[in-house]
Each structure stands twice: as structure tokens, then as C-alpha cells.
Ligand code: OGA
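A single chain, nothing else alongside it, follows as C-alpha cells in the form predicted on its own.
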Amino acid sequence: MNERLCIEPADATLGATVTGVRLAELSEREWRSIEAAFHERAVLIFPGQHLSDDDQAAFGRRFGELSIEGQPFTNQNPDGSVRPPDDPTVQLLRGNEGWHTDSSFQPISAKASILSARKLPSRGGETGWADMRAAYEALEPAMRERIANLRAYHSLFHSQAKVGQGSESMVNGLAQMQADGRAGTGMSPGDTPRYEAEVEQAPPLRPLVKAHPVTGRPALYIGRHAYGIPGMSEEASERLLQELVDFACRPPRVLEHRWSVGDVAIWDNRRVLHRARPWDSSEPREMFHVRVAGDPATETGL
């Protein structure tokens, strides 16, 4: 093994910081160590990598096919000005301050997400992750039995409506993010995700508990996109889902990272919730995102 490679577990039940390696120049042994740590710790943070767009996408492809080749998540216009708080894209970004898992509202949910820091506010804007495997294991047996066979619908329309964004504004914001992706990466329209197509799909129905396809261990599959458990009233469904999130997303199951420009993080959407933390909306924040598609055999919703 590369003697420089160091994988230091966090104090939380998930997460590790990885140093002594260059993600753009991984050896096979380094990659195998990183892959094993990803399955064990679910969130890996790589300080000071300063990856190019292509290098970040190439790292993502080691984990599987990409559903998002490259996408800036930013409150900044191409001319450098900061978008106002009521801008549709900014409202989408603010929605991401709620605990969620990526692509759960799509027909096939995401396997992994990779985020790198390009421009940061003076304070705030951290990213937090919560361990849904440890959360499930900490549930009382009666709650495990109660939710064992329950499912919930997942919808971006639903989750953005809860933070005050209407459907038209949301679709406009997604279209702008798609344009940002093309402008920021030099890609053609066919190389970036068709967000408007994604939101036209019927909401998928997903289990509240799912087994990880690699480790076999169960984890909660919840978050802000989840709603409408069949067989329950709207109020009872909302109450149960919020109760689970509130229980799950607390120490020692939570890890928060204060970014420095050049940092890279990858996380496993199949057993982790994540959220952005607030920052001063007058300051720019730009993160670059690559997303690994889920396996249709295990990540397809009904």
C-alpha cells in the first residue's frame, strides 16, 4: 500500500479524511483503498485536491456511469454578479439546506455524489452529512417494525413547495442550472442533465428502509423529498417522516465540513443524507458537482 495514503476516520459514525493521495493520479492500490473506505465510511473528504472539471468527472467514473458529468451549484451569474435571494436558482440552492439524498425523486436514484469547492463565502456554506445506517440501527425495535414495509413518494415539486418555491419558478431555476452547466464546463446540451425531463416523471415510490447493495446492511431512506406514505393521512405521514429525520440527523451520526477552496468530498447517497448550511446571500458560493448514477437493479423506484 502507498505509505503516504492516510485514511483518518471522523469522530462521527460516518466519514473520513483522506490525505497523501492525488485523485487525478490514482494508482490501482490507492483506488482500491479508497473504494473500501467509501463502502465503510460513506463520506470521504479529500483536502486541497484542486481538481479540474475533467479530473473530477474521471474520478466519478471509477464509481460508475455518471448521471451528471459536471454541474456548478452557484448563486453567481456568469458576469460575476450575485443573484438576488428571489432568483429561482438561488431558491433551489436554499432548498438544499434541508436534509436530502440526491435524485431520490428521479426514476433511478443516485449512487454517489462528488462535490468540490471553487468559491466560498467568508463564513457559512458548510456541508453536513447524516448516517442513515447508524440511524436505523439506533431505532427502537417497535419503530423498526412499524416502518419495515412502509414506502413514501419522492418529489422535488413537493420539497421545493415546502420552502415556498412554486412549480414555474422551480422549472425556471432548473433550466438556468442546466445553462450554467453548459457554460461552466464547455459541454454541449447533450452532455448535461435534462432537468426539465427529470421533473416531468411521476413521483417514484421508495421504501423507508433499504438494504445497501454492497454491504447488505439496512439504512433509512428518507429526507426532504419524501412524502405521502400510502395508507396514512397526509398529517400522519408528514409527522412520521419528520420524526425519523429529527432522530436520524443528530450526533454522533452527523458530520459537518467547513470547506476550503480545492477540497473534494464524495458520499454514498444510498445510506447518507446531506445538506448545505446557510451563508450570507450577498456573497458568492460556487461548488462543482458530479453525480454517479444508481444501478437500475437496486435504485429504481416504483
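Everything numeric here is computed off the predicted structure, so don't read it as measured data. Numbering starts at 1 and runs along the sequence shown.
The discussion below concerns the form predicted in complex with N-oxalylglycine, not included here.
- Among the residues Gln165, Asn75, Gln106, Thr127, the one placing a heavy atom within 4.5 Å of N-oxalylglycine in the predicted bound form is Thr127.
- Taking Ala276, Ile34, Ile266, Val245 one by one, only a single residue has any non-hydrogen atom within 4.5 Å of N-oxalylglycine in the predicted bound form, and it is Ala276.
- Heavy atoms within 4.5 Å of N-oxalylglycine in the predicted bound form are found in one stretch of 53-61, 245-253, 23-31, 268-276, which is 268-276.
- Contact check for Asp102, Leu115 and His289: all three have a heavy atom within 4.5 Å of N-oxalylglycine in the predicted bound form.
- Using a 4.5 angstroms limit between non-hydrogen atoms, Gln178 is distant from N-oxalylglycine in the predicted bound form.
- When N-oxalylglycine is considered in the predicted bound form, Ser169 lies well away from it, no heavy atom lying within 4.5 Å.
- Using a 4.5 angstroms limit between non-hydrogen atoms, Asn96 touches N-oxalylglycine in the predicted bound form.
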